[in-house]
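Here's a solo chain for you in C-alpha cells, the form predicted on its own.
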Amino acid sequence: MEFNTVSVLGLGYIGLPTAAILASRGVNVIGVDVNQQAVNTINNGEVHIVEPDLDIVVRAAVATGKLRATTEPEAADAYMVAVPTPFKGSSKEPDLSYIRQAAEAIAPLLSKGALVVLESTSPVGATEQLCNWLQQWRPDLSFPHLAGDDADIKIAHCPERVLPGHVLQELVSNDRVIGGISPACSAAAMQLYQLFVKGECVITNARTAEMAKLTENAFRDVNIAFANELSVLCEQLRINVWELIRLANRHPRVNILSPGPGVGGHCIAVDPWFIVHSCPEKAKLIHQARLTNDGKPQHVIEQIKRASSQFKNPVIACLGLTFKANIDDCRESPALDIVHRLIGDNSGQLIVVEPNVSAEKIDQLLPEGAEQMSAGQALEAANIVVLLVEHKEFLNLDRSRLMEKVVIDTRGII
C-alpha cells in the first residue's frame, strides 16, 4: 500500500506526536480534533501539551505543509484513531463512545483499500466492535471480520507503549505489536508503521494486541501495588521503606519498584480495569492491585490529617499535581486526587506548587480553596509540606528550610 495521506483522529498526548513524526517522514498528515483551540494552536506551529522537543517537530511539519489540523475528518489512505477510552462514571466500565464517534465521522470518507488503525488503548474486542460500527454505516463496503483478507477495508489495532517525557524517541525506537482482524490487515498496518518505526513490528491478531497492552500495564500495576503495600507496612513497623527497598534490591533477582501516593496516568491506572471488567471472576490479583493502588491516596490523606492535628492553624503545601515527574499531564493523578479531597475536607489552608502546569489550567483543575505559589513561597508559608511528585524543581529543595516543618515525603525525595 502507498500512504500519501494519513488522518490522525485525536491530537492529544499520543495523536499529536504520532502525526508530527509521520509528517516529518514526508507523509501528508491531516490531524483531527474536536478542540478548536488545539487545532488553531497546531496550525500556528505551536503545541498545546508539554512534551520535550514536540514543539520543534510540529513547527517544522506545519511550516513544510506536511501537517495541518482540522475539526472535521477528510479523506485519506489511512486513518489512525487515537481518541480517549475513559470509564463510564465510577463503574470502571470501559467507555467506547469516543471510538464510536470517530468511526461514524470517518465512515462516509472510506474508499476501497483504506486502512483504519485503532491506537486507543482498548478492552479486548474493541477492534472487532469498530468493524461492526463501520459496517453498519457503510454496507456498500466489505470488512475483514466477515470477508477476511478479501475485505475492501483493512482494520488493525496497534497500541502505543511510550513513556511521557520520552514520547518522540520511543514512538520511533520501541517495538510495536500490530494485530489485524485478518493477516492482510496486519500486513497493511505494518507497512504504515514501518514508515517511522525503527523498532521491530511484531504481527499478531487484534485480540492479542489489545490484551498485550493491557497486560503490560497490569504487570506494572501489580508490582507498584507491592511497593505501595510495603510502604504502608513499613510505616506501621517504623521502618524506612526507602532504605529497606535499597537493601532488598541488592539481591540479584529482586527489583522492587518505588512506592508513591498512588498510580496515575491514562495507562497503568486504567488498563487493568479493562481486564477486570472482561473477566471479573478470574482477575483476582490484578483486581486487588488496583484496589491497593487506588487506596494509597487515602492513606496519604490520613497522614496529612494526623499532621494537621498538631497545629491550631495548619498550612499544607502540596508539591506537585501531575501523575509523574516533569510533565503537565494530570490524568488520573493521585496527587490531584489528594488535593481535591483535602479541599473537600477543609483540613487546613492549602497551597499547591506545580511548575509544569499553567496557572490557568490549575484553576480549571481545582475548585476554590487552594492557593498557587512558588516552591520558595510555599516553604515559607507552610508548616506541613507534602511531596507528591518528584519534579526536578523539588529535588534540590533547601533542606534547612524543612527542618521545622512536618514533611510527608511520598516519593522518597528527601
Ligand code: SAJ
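If you're wondering where the values come from, they're calculated on a predicted model, not measured in any experiment. Just count from 1 along the sequence shown to find any residue number.
Here the subject shifts to the form predicted in complex with the named molecule, a form of this protein not shown in this document.
With the partner removed from view, the residue among V254, L285, L195, L257 that has a non-hydrogen atom within 4.5 Å of the named molecule in the model of the complex turns out to be L257. With the partner removed from view, the residue among H145, H299, R161, H340 that has a non-hydrogen atom within 4.5 Å of the named molecule in the model of the complex turns out to be R161. With the named molecule left out of view, the stretch that reaches within 4.5 Å of it through heavy atoms in the model of the complex is, among 244-252, 307-315, 214-222, 92-100, 214-222. When contacts are defined as a non-hydrogen atom within 4.5 Å, none of K88, P123 and W273 contacts the named molecule in the model of the complex. Using a 4.5 Å cutoff between non-hydrogen atoms, V263 counts as a contact of the named molecule in the model of the complex.
In the model of the complex, the named molecule lies farther than 4.5 Å from every heavy atom of A78. A residue is said to contact a partner when one of its heavy atoms sits within 4.5 Å of a partner heavy atom; A188 fails this definition for the named molecule in the model of the complex, lying far away. Though the partner is left out of this view, K324 does reach within 4.5 Å of the named molecule in the model of the complex, counting heavy atoms only.
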